[in-house]
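What follows is one chain in structure tokens, specifically the form predicted on its own.
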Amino acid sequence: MGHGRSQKNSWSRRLSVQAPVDLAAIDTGGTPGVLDKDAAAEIFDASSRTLSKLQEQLFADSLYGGRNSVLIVLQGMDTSGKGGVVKRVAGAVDPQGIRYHAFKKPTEEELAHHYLWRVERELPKPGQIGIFDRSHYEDLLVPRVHETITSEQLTERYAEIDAFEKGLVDGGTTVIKAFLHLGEAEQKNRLLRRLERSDKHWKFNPGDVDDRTLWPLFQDAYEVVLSTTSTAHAPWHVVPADHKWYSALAVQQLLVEALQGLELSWPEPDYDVDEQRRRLLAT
């Protein structure tokens, strides 16, 4: 764990889950760590410059043998703002250093393999910041809610995912897991806005209305997942998501802290700087 995560008032410490998780006790409209939208905007803009530098250092380090990478895992109910968080946070860095993937319903090809197969194919390489919009946790949540696998199989998956993430961390990947905690009423408002605007109709999925009837089951499933799979090497964070400006800021701060914790520095050149300056001036 890097020094950014050990600070008393760090965002990671502030938002990390405490098992057993009770989502009903966490205010989806809360903004812990920041007073208002204006204050958040100031922090976000300043941190964007810091993030850009840290991402460049991460990328440069990989060109000189560095093995570090970062993986952001975003989970949340439909309309919780995962895509918006990605746009805002990743927008501050060089796209060459980002590896983004949105996991949809498994394809026939993906179903023919172990459920982690499609995840392993999208992992960030050294020097990259990987972002998962949904993730391997769908393979715990959906089967639990829809009861498509046995409890024994589900228990086995918890252990597999823990081992999978431990292997990532041991290999140099810092794993940041964030659950965007959206309120049921706010989700309804966001779905209604999609229906009221013709330019947003493409984003509406009738299945989202069906899933709202399963809201309590999904909340229960998330509580179990967050409680069971939050570990010292890959902790979960609950990010209140009713305010989009807050969830973007929180994820950005978690990423900045993680990168600062790697204590990156600019790699030393493998050439004589003064000699190359003299050669260049002579041209």
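Everything numeric here is computed off the predicted structure, so don't read it as measured data. When you see a residue number, it is the position in the sequence shown, counting from 1.
What comes next is about the form predicted in complex with a further copy of the same chain, which does not appear here.
This chain is drawn without a further copy of the same chain; in the predicted bound form, the residue among V224, L217, A60, A41 with a heavy atom within 4.5 Å of it is A60.
Residue-level contacts in the predicted bound form: of T148, T213, Q153, T107, one residue has a heavy atom within 4.5 Å of a further copy of the same chain, and it is T213. Within 4.5 Å of some heavy atom of a further copy of the same chain in the predicted bound form lies at least one heavy atom of D133. When contacts are judged by a 4.5 Å heavy atom cut-off, G167 does not count as touching a further copy of the same chain in the predicted bound form. Interface residue remark: E56 is counted as part of the site for a further copy of the same chain in the predicted bound form, having a heavy atom within 4.5 Å.
By the criterion of a heavy atom within 4.5 Å, K188 is counted among the residues contacting a further copy of the same chain in the predicted bound form. Per the 4.5 Å heavy atom criterion, a further copy of the same chain in the predicted bound form is contacted by stretch 87-95, the sole one of 169-177, 108-116, 87-95, 137-145. Looking at 35-50, no residue comes within 4.5 Å of a further copy of the same chain in the predicted bound form, counting any heavy atom.
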